[in-house]
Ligand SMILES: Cc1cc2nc3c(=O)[nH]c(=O)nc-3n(C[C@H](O)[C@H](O)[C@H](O)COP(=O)(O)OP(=O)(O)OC[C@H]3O[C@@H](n4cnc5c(N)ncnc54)[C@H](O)[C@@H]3O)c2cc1C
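Here you get one chain, nothing else, as structure tokens; it is the form predicted on its own.
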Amino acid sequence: MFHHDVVVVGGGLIGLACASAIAREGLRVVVVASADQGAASPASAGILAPTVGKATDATRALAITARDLYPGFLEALAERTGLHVPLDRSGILELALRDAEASALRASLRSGSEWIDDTELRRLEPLIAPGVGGVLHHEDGAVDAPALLAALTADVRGDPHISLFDHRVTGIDAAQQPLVAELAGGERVEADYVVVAAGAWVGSIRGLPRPLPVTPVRGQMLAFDGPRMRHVVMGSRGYLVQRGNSSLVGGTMEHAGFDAGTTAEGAGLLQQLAIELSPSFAHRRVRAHWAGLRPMTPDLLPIIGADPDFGRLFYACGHSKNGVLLAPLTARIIGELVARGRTSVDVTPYAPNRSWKIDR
């Protein structure tokens, strides 16, 4: 039996960022996590796209806040670790290949985004596929997710207030005080507070006071050699992201349970998506192929905040496709809630007990 101020369950970007934020409030934290194949954090493309796609005003505002935290978040991380994580804020190009797509994009334009015709699109991206035009989301971009994970890992390893345990949490007893996290080997860890940040594996934890509708959804990615694109490029079926000397393509959404393996079918689909966005990919060599398991909720929004019935149990999970984007904001919220009992952020859209009915 070990006792700490806070147990964080999960060692991905969200769990590590939360642990760091809590420790900087002066509390002793233990991160308990196991190395699960298919974890979303190292597999992510790292896209920061709060102005792309449909969202309510409240959730879009939160996502934009998260994006705009990144420069300061990475600067502080570099000061603590000496590791500089690449951040691209050159904008995202959302491509319209057909008239119907162009009409939809024009109708959804909002502040910070600009319609550009095909001529201007080709000036910005000479390798782009022929189309009707597109939208440039000026403030969006991407962050190098594996580099961010490495920096956060170094951050928590170097913090004397944080311990790391390589174990799997199988159960949580929130009714006791202190709370108890039960480990797969039979050990028990006591803490005044518990933060659940277990990604796609949240549903395997026994004893949580409410069901959390988080399911794994596999996303496969390919990395190609060849000339760099200047922006993140998004189409209706997938996206291209630059990382170092590689171009990444992703976009698959597969309900395959906890199978994090890659498939020939997935590789073929991703190659088609890449060629659809830029014909140059028809002649490029595939450098790598991998997959990750996104922790998806029915409304694609995360579950963040205190349990309504057990105020010392906190959730930071179910981030769906936006775990990288929302990591700095999630860490701020959880750090404030654990240390002070309140947060400066209105987390109503992310409430653990919200309605899961989706309006179609």
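Numbering starts at 1 and follows the sequence shown. All values reported here derive from a predicted model rather than from experimental measurement.
Quick note: we don't show the form predicted together with the named molecule, though the next part is all about it.
Exercise. Look at the stretches 115 to 123, 260 to 268, 101 to 109, 199 to 207 and give the one with heavy atoms within 4.5 Å of the named molecule in the predicted complex.
Key: Selected stretch: 199 to 207.
Quiz item: So, in the predicted complex, is residue 292 in contact with the named molecule at a 4.5 angstroms heavy atom limit?
Solution: Output for residue 292 is yes: heavy atoms within 4.5 Å of the named molecule.
Self-check item: Contact flag, residue 14 vs the named molecule in the predicted complex, heavy atom cut 4.5 Å
Solution: The answer is yes: residue 14 has a heavy atom within 4.5 Å of the named molecule.
Practice problem: Spell out, yes or no, whether the shortest heavy atom distance between residue 44 and the named molecule in the predicted complex is within 4.5 Å. | Solution: Because a heavy atom of residue 44 falls inside 4.5 Å of the named molecule in the predicted complex, the answer is yes.
Quiz item: So in the predicted complex, does any heavy atom of residue 221 sit within 4.5 Å of the named molecule?
Solution: So residue 221 counts as contacting the named molecule.
Quiz prompt | Selected contact from 167, 287, 138, 237, since only one has a non-hydrogen atom within 4.5 angstroms of the named molecule in the predicted complex | solution = Here the answer is residue option 167.
Practice problem: Between 8 to 39 and the named molecule in the predicted complex, list the residues on our side with a heavy atom within 4.5 Å. | Solution: Read in sequence order, the residues that approach the named molecule (within 4.5 Å, in the predicted complex) are 9, 10, 11, 12, 13, 14, 15, 32, 33, 34, 35, 36, 39.
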